[in-house]
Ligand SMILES: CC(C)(COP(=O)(O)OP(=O)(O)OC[C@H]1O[C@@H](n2cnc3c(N)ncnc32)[C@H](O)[C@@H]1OP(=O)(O)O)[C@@H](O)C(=O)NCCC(=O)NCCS
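The chain below stands alone, shown as structure tokens; this is the form predicted on its own.
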């Protein structure tokens, strides 16, 4: 495996909670897929889980080198869990297209959170940009 890119991001859980309180479903549906929302809504510490997924999406955008530019949007990056609980990334749309252009074969993520903060790291393998 050749490491092609790395991205990391940290999210303030309180700030994300305030965004959810202020913008509600409009914000949630713009940033998270139905699968992500279903997973997080089933958790006791919902905001922390949402913050972890938000951080993961930001970390993946750093791996792609795009941020919210070049046509990549929040819903192009989906965090799902394997039966073991391990998180993984599904890319669609422009996110998938850019990863393919860069010949990224896999993006591995790790997410951690506490009451106040969530952090995620993304490592891509492949040829890279």
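What you see is a predicted model; the values in this text were computed from it and never measured. Positions refer to the first chain, counted from 1.
The same protein has a further form, the form predicted in complex with the ligand, not shown here; the description that follows concerns it.
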4.5 Å heavy atom contact, residue 87 and the ligand in the predicted complex: yes
Heavy atom of residue 53 within 4.5 Å of the ligand in the predicted complex: yes
Contact flag, residue 81 vs the ligand in the predicted complex, heavy atom cut 4.5 Å: yes
4.5 angstroms heavy atom contact with the ligand in the predicted complex for residue 116: no
Listed range touching the ligand, judged in the predicted complex by heavy atoms within 4.5 Å, from 94-102, 45-53, 70-78, 30-38: 45-53
Any residue of 95-117 that, in the predicted complex, places a heavy atom within 4.5 Å of the ligand: 111, 112, 113
